[in-house]
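Okay, so here's just one chain, in structure tokens, the form predicted on its own.
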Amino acid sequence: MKIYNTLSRNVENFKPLKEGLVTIYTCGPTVYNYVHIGNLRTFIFYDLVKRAFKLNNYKVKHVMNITDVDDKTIRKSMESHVSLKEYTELYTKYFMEDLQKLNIEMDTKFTNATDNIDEMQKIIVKLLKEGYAYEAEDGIYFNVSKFKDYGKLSGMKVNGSYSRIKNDEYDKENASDFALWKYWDENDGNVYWEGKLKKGRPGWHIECSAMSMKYLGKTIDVHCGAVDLIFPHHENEIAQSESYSKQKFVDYWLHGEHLLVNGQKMSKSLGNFYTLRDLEKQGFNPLSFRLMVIDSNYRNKLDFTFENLKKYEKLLAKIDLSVKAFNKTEKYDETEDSYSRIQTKKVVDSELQAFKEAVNNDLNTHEALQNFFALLDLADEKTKKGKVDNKEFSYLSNAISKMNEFLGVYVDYEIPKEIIDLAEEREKERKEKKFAEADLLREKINEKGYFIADLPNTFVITKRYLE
């Protein structure tokens, strides 16, 4: 398996620290509002990374942080007149709902920053003791000049001109230094912690280092994030973590590119800021957005438009119909290997091999998707014939399922009994050649958001997507 490592700026062969196991840390959301679709592209990217390792038979231990304390969460909770915990729990809930709608696997250790304050304080105390950090009037800062490898991830050089906050007025010695611990002031309301350090709260960067090392160990295999986190966040994570542990922090750094909207950066001021709920309000299935993301290279910018999303909504409908129709096709047994059976197995094996090679070529999901659709096209051919040999069905359906274990674009769902009853009544009318009545029932089914596809010997009900 080959992946692009931001640290080396090369595509490398992946080799885990421990055979058969991959440890992954991914930067999660700051839960002060709904996450936007740019964030969600990144979370789909994380999901594909994890599924790729599973495709290669690795066990995966995955940790994602929930940033539930920072300037934004404190300010927003105070404006809403609720506690920080109550405020952030609400948006954490919405975030989890978004992940589930996008069919993102949830076998992840989600951990809140506020549940790991002791670990953060322990690291900061040691960094102070060893001279990597210093105390100022308003908090404790990491001195980047003390870490000789600072800049190795991003290529940034310490020259005093880089800082996390433009025009910040923190009482630090150098502009490049960053906060490990911020002492309490009235702007923080009643949000603070005490213990090994003076009353205050953690800086953003220390949160991820503490949680990664606590749950995965001092050195991990993979750390993922969006490209805007390379500097300063991930650079700062490396500096504080390696200064603390005296070990390499991460072997492979993976970063996903930004999502644009109509060629522009997403911004509320431009009126092009969208959440998953905005897409749903316009009738889109969240999985159409997942499909759009998969059809792009994670290291390239993705330009989102609603017109383009409609294309993926139609592709999603094709996937849904193809899988359901093939599964309902009449099966029969050949007494011996037929030419058709041999050819089907040959095509299936070839597409599966090409699919895995695409995934293992630095997550070439666009190519992998083409292999998936090639098998769906073959399944459609079998469906049109009205029946399929049992072994051919098994070859094809198992391969489609295997590919979908990685892609996650087909999700089965329950059809309401009311819709099934209407569809069966329509089928009865068709058999009795009462076509006008059957058409009226089809329209009724469509109005309720479902679609009937007639097969040679039966029918299939699917959700009705955008036309």
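From 1 onward, residues are counted along the sequence shown. Here the structure is a predicted model, which means the values were calculated and not measured.
There is another form of this protein, the form predicted together with adenosine monophosphate, and it is not shown here; the text below is about that form.
Participant: Can you work out which of D98, E313, E257, E392 has a heavy atom no more than 4.5 Å from adenosine monophosphate in the predicted complex?
Facilitator: Spelling it out, the residue with a heavy atom inside the cut-off is E257.
Participant: Among H36, R442, H62, R51, which has at least one heavy atom within 4.5 Å of adenosine monophosphate in the predicted complex?
Facilitator: Spelling it out, the residue with a heavy atom inside the cut-off is H36.
Participant: Is it true that P29, Y46 and A226 each have at least one non-hydrogen atom within 4.5 Å of adenosine monophosphate in the predicted complex?
Facilitator: Yes, all three are in contact.
Participant: Given that the partner is absent here, does K328 sit within 4.5 Å of adenosine monophosphate in the predicted complex, heavy atoms only?
Facilitator: No - in the predicted complex, heavy atoms of K328 and adenosine monophosphate never come within 4.5 Å of each other.
Participant: Would you please decide whether M266 lies within 4.5 angstroms of adenosine monophosphate in the predicted complex, comparing each non-hydrogen atom pair?
Facilitator: Yes, contact at 4.5 Å.
Participant: With adenosine monophosphate left out here, work out from 412 to 420, 36 to 44, 427 to 435, 399 to 407 which stretch has heavy atoms within 4.5 Å of it in the predicted complex.
Facilitator: The contacting stretch here is 36 to 44.
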